[in-house]
Structures are given as structure tokens and as C-alpha cells.
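So this first bit is one chain, no partners, the form predicted alone, shown in C-alpha cells.
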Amino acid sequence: MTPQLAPAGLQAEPKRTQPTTNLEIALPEPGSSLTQDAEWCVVRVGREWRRIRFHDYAQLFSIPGLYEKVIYDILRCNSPEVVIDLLAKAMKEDGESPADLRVLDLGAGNGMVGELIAKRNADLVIGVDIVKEAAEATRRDRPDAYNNYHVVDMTNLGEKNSAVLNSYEFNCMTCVAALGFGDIPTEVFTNAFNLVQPDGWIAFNVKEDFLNRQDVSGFSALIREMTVDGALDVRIRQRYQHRLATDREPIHYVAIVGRKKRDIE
């Protein structure tokens, strides 16, 4: 039996609802230059137009199909495919199969990454997010993406929740388009990383700005520490276009895939 993480685990009868595609959406004028965490759209909901910031995930996920329409269709995000394809490539080079993976998908959102992993026949895929609306959106749109989905605060798990997550015996962690901007701080990433067994796979991406010496998110220092001190043996590091900004300028991220060698202290 799959362990349960009470009371917030996602457990419901599968109810598949296809994301709405006929949404009426408006973006800021092309000349408007916004920082990534300040980007927004306007969407028609019933008779009213509602302005939603992209990083207000509770509102974004509450409208079926809005996240996919704006971020993936209009702004051409391809990060889930890039990161999971690179993970599969690295595993193939090591003679391993995704079918053996027991995955912790950190910052799981509405299940787009989990769905890709599940399609590769992973042994176990567990979603974790702090936003309950993300879990509800996954149940609504992708009920088959995860074996279980837990809504938890990774900075304050407690003994019971820690025991449940450890019982999954993860040998892989994924984290896609979720780091920085205060959404997932370094402490959460570290706690999730330490749940993965030694020699397990780690696959994530981060905005390239968070890797320079002027970074204030903490990820530049953390990733240097992980790689220099030997906690992570990096196999693939690739810069690519994550998506377009609302002003249609490209946003570049760096995808990193490697094998965990020890916990981050």
C-alpha cells in the first residue's frame, strides 16, 4: 500500500477534466518590460476580467487550462521536456532505465513534470508542493500523473511526515521551473535533496541569473557548494531558452542533471 501523508495528501477518485482552451487572455503591452516574478496576464472569468500574476499559483491553477495556455502555448515554455529528456539521456549513458526511478517531484505544481515521468514508466512518482490549489489542479487535470501528491511545508515536516516521505526510498529528485523568486528557497531544496538515497539522480533547472556571483537567492552559492564539495556529481549542465517573457524576450535557464553522492550539510 502506498504510504499516506495525512491530512493533506491528494487522495480522491480520478476525475479527468480537460483543461479549457477557449480562454480569453490578454498580456501586457509588448513594450512593457517586467521582472519575471512581476509578470501577469488578464483573463476573462465569467463576466469579469481578472488580473493574475504568474507567481500567484493559487489563482493561476484555479482556472482550468490557464497555466498551460499562457506559460506553454503563448510563452512557449519547454522546461519539463528539456529536463526530463536530459535525465533520460544521462541515465541511458549509465546503462540505467527510468523504469527503476522512485521520484520526488519537488514543486510539482499541476503535474506537468510528473506526467512526463509517468509516461516513461517510472516505478514511483510522488508530487510535493506547498500550494493546495496545485494539488487540486493535478487531481482535476492529471489524476494519473502521481502515485501520491502531498501538500506540505518542506521546512517544517515533523517526525510523522518525514517518516512517510523517507518510506518512499527515493532514488531521484526533480525540480523544474520552481527555484528562486521565493517560491522554493534553498532550505527546501536541501531538505528534498537529502531525502534521496546516495547515488540517486538529481535533475533540476534554475534561471541563469541565479548562478552568477551577484545572486541573492542563495542558489548560486548552494550549487557551487554542492558541486565543489562533492555532494552532487554533475553529468549534464545545459543552458537553454526556458520560455519567452511577456515582452517576447527570451528567458534562459540552466538545466543540471547529476548523481547525489552525499547529503548537503
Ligand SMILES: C[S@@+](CC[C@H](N)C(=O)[O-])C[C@H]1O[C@@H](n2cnc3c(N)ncnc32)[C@H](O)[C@@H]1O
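Remember, predicted model here, so these are calculated numbers, not experimental data. We number the residues from 1 along the sequence you see.
What follows is about the form predicted together with this ligand, which we do not show.
Enquirer: Which of these residues, V164, V82, I184, A122, gets a heavy atom within 4.5 Å of this ligand in the predicted bound form?
Expert: Answer to the contact question: I184.
Enquirer: Find the only residue in A137, V113, L87, C172 having a heavy atom within 4.5 Å of this ligand in the predicted bound form.
Expert: By the 4.5 Å heavy-atom cutoff, the listed residue in contact is V113.
Enquirer: Give a yes or no on whether each residue among Y57, Y67 and A177 has a heavy atom within 4.5 Å of this ligand in the predicted bound form.
Expert: Contact check passed for all of Y57, Y67 and A177.
Enquirer: Taking any heavy atom pair closer than or equal to 4.5 Å as contact, tell me whether A108 reaches this ligand in the predicted bound form.
Expert: Although this ligand is absent here, A108 would touch it in the predicted bound form, with heavy atoms inside 4.5 Å.
Enquirer: May I ask you to check whether F204 falls inside a 4.5 Å heavy atom distance of this ligand in the predicted bound form?
Expert: Flag for F204 set to no.
Enquirer: Should D141 be counted as a contact of this ligand in the predicted bound form, where contact means heavy atoms within 4.5 Å?
Expert: Taking the distances in the predicted bound form, the answer for D141 is no, it never comes within 4.5 Å of this ligand.
Enquirer: Is it the case that V131, even though its partner is missing from this view, gets within 4.5 Å of this ligand in the predicted bound form, heavy atoms only?
Expert: Yes, V131 sits close enough to this ligand in the predicted bound form that at least one of its heavy atoms falls within 4.5 Å.
Enquirer: Residues in which of 87 to 95, 156 to 164, 190 to 198, 100 to 108 have heavy atoms within 4.5 Å of this ligand in the predicted bound form?
Expert: In short, 100 to 108.
Enquirer: Using a 4.5 Å cut-off on heavy atoms, what residues in 207 to 240 are near this ligand in the predicted bound form?
Expert: None of them.
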